[in-house]
Each structure stands twice: as C-alpha cells, then as structure tokens.
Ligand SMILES: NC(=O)c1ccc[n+]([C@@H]2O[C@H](COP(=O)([O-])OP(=O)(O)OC[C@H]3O[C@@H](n4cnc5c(N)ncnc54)[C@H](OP(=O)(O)O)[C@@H]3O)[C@@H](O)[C@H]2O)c1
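A lone chain, given as structure tokens: the form predicted on its own.
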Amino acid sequence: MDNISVGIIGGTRSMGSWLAALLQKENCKVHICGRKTPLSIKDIAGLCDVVAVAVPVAATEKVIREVGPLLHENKLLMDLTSLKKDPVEWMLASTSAEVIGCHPLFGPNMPDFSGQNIILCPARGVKWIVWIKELFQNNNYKVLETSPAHHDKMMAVVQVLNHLHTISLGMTIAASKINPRELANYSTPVLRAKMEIVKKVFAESPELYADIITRNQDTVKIIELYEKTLADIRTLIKSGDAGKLKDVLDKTAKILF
C-alpha cells in the first residue's frame, strides 16, 4: 500500500518517536499528536489511515476511548503498550476500525534494532496486518503473532518477574545500609551492570515499571511462585548442605538449557 498516512498519539518521545522515525523512513506521511502539538486527537483521526496510541499505560484507556469512535472501519487503530489484553479489548469496544495490538520488546534508544522482537496481536480485520508485518520485517525486526492473553502471560516473566528481581535487589541493598560508594569499590562487572539497571528502574522511570507490574493480570501468580522459590532456596541454605543446593541448580539448568 502506498501513500499511507499514520497518526501517532504520544509520538513526541519514547516508542512513539521510534515508530515515527521508522514510518518516515518507509515514506509514510506521519502526523504527531502530543500534549503540546498543534494537532489534536480529532485532527489525527480525520487525517490518518492508521492511528497508533503510544501514551503511558495509565493514559491508554482514556485515549483509546476518545479516538476509537472517530475512526471508520477501513482504518486501523493500534497501540504500543506493554500489556495487550486490556488495550485490545478497549480498542475493540470503542471503534469499528481494524484493531492490532503491538508491543516492541525493546527501548527507543538502541544503536541497532536489527533482529529485535515485535509482538503483534491481530484482533479485527485482515487488511492492515499484512502491511504492518511487512513494514517491520522489511526493517529486520523479528515479528511474532499471538493472542493478547498469551502475550500478557509471557510478559509476567519477561517484564514482571524481571523487574521484580531488579526492585528486590535495589530495596535489599538499600535496607542493608551499605554506602553505595563503598559498594562500588567492591563491585564486580556483573554487579555494576545490574546496578545500572537498578538505577534505570528506580531513578529514571519508576512509574513505567510500577504500571507494568501492577496492571498485569498474571502478576499475583508470578509473585507467589517467586516467593515460594525464595522460601525453597532459604530452606536449602539453612540446611548448611551446599550439595543439596548444587543439585537443585543442576536440575534447574537441565530444564532451562
């Protein structure tokens, strides 16, 4: 399809700006809507064939319900949020347009995007899924289609468990009352790398990680499993038998690798 016009709500920064750059590279006409842009959501809906919602998770429902009714059935409404079940349901309920949930599994500032994963959750229509898949694949992204529910289940590990571990590490170090500067003098390269991730979660965008963890419907299940695993490890350590812990590590390695 030629001469595609795409509107990005929240396209002034983060993943919205990533998508805008990619679309411009592919000669699409891109319109940006943000809190300080001349164009409004209504303008975007009237101008564009495709509307992508790229706002923070907490604002996603409001924006979808505002723009959805303005789009007719031959257009596409999509989102870039980290969760898919709720946003896809909101889109289906608010519009007659085609609907695709999209989750790029990377940040906007990578030096090279080649081979990075993008998840698509087609929910209504067949016209636009062909276009969006080709757009990503032609730019060397790895595209996977799945259901919104399965996506969120996988994100309970990929994001929720991963970020819980980072948050636990940071809070435990803080509770230990060890001076961070002293800790840096004793740190290995691995810990220094982990502490950079801790800094990103706690100091740069804590609201993003808080939303990802609290809004995933599978979070409670993964926390319960995490707590049980920690309790099992604690029991093994308290036994004083390093051999038992090693056996568990060996068995787990066979499952994972």
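In this text, residue numbers run from 1 along the sequence as written. All values reported here derive from a predicted model rather than from experimental measurement.
From this point on, the text means the form predicted in complex with the ligand, which you will not see here.
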property	result
is_contact(A54, the ligand) in the predicted bound form, heavy atom dist at most 4.5 Å	yes
Partner contact for S82 in the predicted bound form: the ligand, 4.5 angstroms, heavy atom	yes
Non-hydrogen atom contact R13 with the ligand in the predicted bound form at 4.5 angstroms	yes
Heavy atom of K75 within 4.5 Å of the ligand in the predicted bound form	no
L191, L208, L70, L47 - the one with a heavy atom within 4.5 Å of the ligand in the predicted bound form	L208
Heavy atom of each of V63, H103 and G107 within 4.5 Å of the ligand in the predicted bound form	yes
Interface segment, criterion being heavy atoms within 4.5 Å of the ligand in the predicted bound form, picked from 191-199, 224-232, 22-30, 55-63	55-63
